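This document starts with one chain, in the form predicted on its own, laid out as structure tokens.
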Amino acid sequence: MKFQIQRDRLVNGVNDVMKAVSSRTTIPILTGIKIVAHEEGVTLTGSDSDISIESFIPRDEDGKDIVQIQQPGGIVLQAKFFESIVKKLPMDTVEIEVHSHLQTVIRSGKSEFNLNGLDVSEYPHLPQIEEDNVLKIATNLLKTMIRQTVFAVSTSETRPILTGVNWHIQDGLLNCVATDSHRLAMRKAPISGGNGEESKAVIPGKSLNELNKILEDTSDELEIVITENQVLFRAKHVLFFSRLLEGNYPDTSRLVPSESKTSLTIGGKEFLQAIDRASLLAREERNNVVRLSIGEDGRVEISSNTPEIGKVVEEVQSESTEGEELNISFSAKYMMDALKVFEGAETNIQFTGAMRPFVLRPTSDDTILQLITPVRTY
């Protein structure tokens, strides 16, 4: 194998696939990056067997040469060394050549590195996905949906299914739900393509976070293929595979209350800042609790009391309040996470009592919902 390539394009490709490479893998060859030079260009692959990422660098783009291939072939190189070398090479072009016994030479300007390679045929094959059911969605919309739900997945392995986001596709609508059993985040949006059948998948939160880092913020369409145990995301030059979580996701539709006793409409940004201030004296994880009081005159007050530190009380200006008086306590972190998703939009909060979960929605958008379970304080 021998080819020359633009260094910045190689660095971008390596950055993408490194997100799938783990140093803690049981399969030693997966600590490497697979590099294959072929007629169309160069393909880089990284995998930790849960996530696999393939990045393609074409021979030319927009009339500019990117790769020149003298001899096609493939090699697997140790990822952390290859990544460090490529980033620090002196010139704009890099030459990579494989000699006998998998000895690989990386040249740029007057700099030359020799790395021991591994046999490309021993690298596990990427999952083969039958593509009879391709879904399409705008990349920036998908990025937003991931950002608005993935933070609510569980970080505890006691219920592995809750460490993923539940995707439910039906009648041209994608519904994403994440919950850690203390809070829930939901977002739905139209999705095109597919064969009209209902499909469900629970995608690990970790995979979606990595996918979000790789995807460019464009309105270009992204293709999605879901199978029994894998999902594939295909962007312009990147393929991203993730395994799916096994098991049944709990039915969350019953958790969202249908009626409410108290309703509060408030400016999202001001409310978020007030909660943030109230949480200053409640920093410890277990007492990161803030209290919200709605009086009969419609006054809204936020307070926090940590006996050994002090207390804070703030009256906040609401747009409107309806229904019964209410005193309720909740995690400041959960409330701030939920409000950040709404990006400062005016927010409506529906309460059904001091010990029942409450629902937040932006007043201008019914495709998005956050639910939080209150904290008992005596």
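What you are looking at is a predicted structure, and each value in this text was computed from that prediction instead of being measured. In this text, residue numbers run from 1 along the sequence as written.
Omitted from view is the form predicted together with a further copy of the same chain, to which the following refers.
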query	finding
4.5 angstroms heavy atom contact with a further copy of the same chain in the model of the complex for L126	no
4.5 Å heavy atom contact, K64 and a further copy of the same chain in the model of the complex	no
Non-hydrogen atom contact E315 with a further copy of the same chain in the model of the complex at 4.5 angstroms	yes
is_contact(N116, a further copy of the same chain) in the model of the complex, heavy atom dist at most 4.5 Å	yes
Contact assignment for a further copy of the same chain in the model of the complex, among L239, A138, V256, L89, heavy atom within 4.5 Å	L89
Listed residue that, although a further copy of the same chain is not shown, lies within 4.5 Å of it in the model of the complex (heavy atoms), from D217, E112, E246, E122	E112
In the model of the complex, segment of 191-199, 300-308, 160-168, 256-264 with a heavy atom within 4.5 Å of a further copy of the same chain	300-308
Those residues of 63-89 which, in the model of the complex, come within 4.5 Å of a further copy of the same chain by heavy atom	F81, S84, I85, K88, L89
